[in-house]
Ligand SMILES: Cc1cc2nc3c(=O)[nH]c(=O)nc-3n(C[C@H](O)[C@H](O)[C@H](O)COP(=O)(O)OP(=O)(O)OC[C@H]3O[C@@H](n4cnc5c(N)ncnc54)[C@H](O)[C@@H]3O)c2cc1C
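The chain that follows stands alone, in the form predicted alone, written as structure tokens.
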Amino acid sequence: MEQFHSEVISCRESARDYYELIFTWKGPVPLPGQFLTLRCWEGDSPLLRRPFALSSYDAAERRASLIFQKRGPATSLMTHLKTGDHMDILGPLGGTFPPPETGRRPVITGGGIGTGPVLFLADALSRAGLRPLLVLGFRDKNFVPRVHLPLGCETVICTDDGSAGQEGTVIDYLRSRDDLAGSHFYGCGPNPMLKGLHELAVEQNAPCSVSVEEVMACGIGACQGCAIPVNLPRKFLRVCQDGPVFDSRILVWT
């Protein structure tokens, strides 16, 4: 983890209320599943840095990207970032997605703001010579991001209303396939999707690694604000410090 200054390369709307931010990276090499916190505004409002998962890293160009949703004051300010603007970054933070168990095919699911981390993961696994199944789910065609999709993947787009790709959720689609035996499941996205992925993995007796979305205040484990319940003697783990990637079997699903 390092704190460093970064320059914006580009910031553009990639889907309805979703933006892709590409920027220079001067810190340690990030890995899929890790995140950063950033500040790109003057003054004390917003007060806290904002956490974002990385969606790509280009080692040759020393640049990275993230996908964010316009939600509140901080992300509204970020939508106005221009080429050459400066950001203060702390990262990379958190743990990474584990490699798939030997002989298991990676099956990767993402949705909404969870799209970024799984794109990074799918690209890394493809470059390693694996051929992941990447399934991305969105509300409708307006939310499907216009971003670079990793090569070397079997990529499937799902929309709730069928306006793009397969109709239904990513879990609906996965359950329609009969070739998932021997998979290692990965996911990042809304909690119902992750819960459904966990249940499918249990049925398949397969490993399942999920990146959990949680509000983070400090991002370094000091404030305890992102603690989640787990099936362990500790009872609670911090998403920022102990995650954000967890074995789905240790999480308490409600």
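Keep in mind that what you see is a predicted model, and the values were worked out from it rather than measured. In case it trips you up, residue 1 is the first one in the sequence shown, and so on.
We do not show the form predicted together with the named molecule, though everything after this point is about it.
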{"property": "Full three-residue contact with the named molecule in the model of the complex, heavy atom 4.5 Å, for 117, 213 and 216", "result": "yes"}
{"property": "Proximity to the named molecule in the model of the complex (heavy atom, within 4.5 Å), stretch among 22-30, 56-64, 189-197, 205-213", "result": "205-213"}
{"property": "The named molecule contact in the model of the complex: residue 130, any heavy atom under 4.5 Å", "result": "no"}
{"property": "4.5 Å heavy atom contact, residue 49 to the named molecule in the model of the complex", "result": "yes"}
{"property": "Contact flag, residue 72 vs the named molecule in the model of the complex, heavy atom cut 4.5 Å", "result": "yes"}
{"property": "Residue 147 within 4.5 Å of the named molecule in the model of the complex, heavy atoms", "result": "no"}
{"property": "Heavy atom within 4.5 Å of the named molecule in the model of the complex - the one residue of 113, 156, 90, 164 that qualifies", "result": "113"}
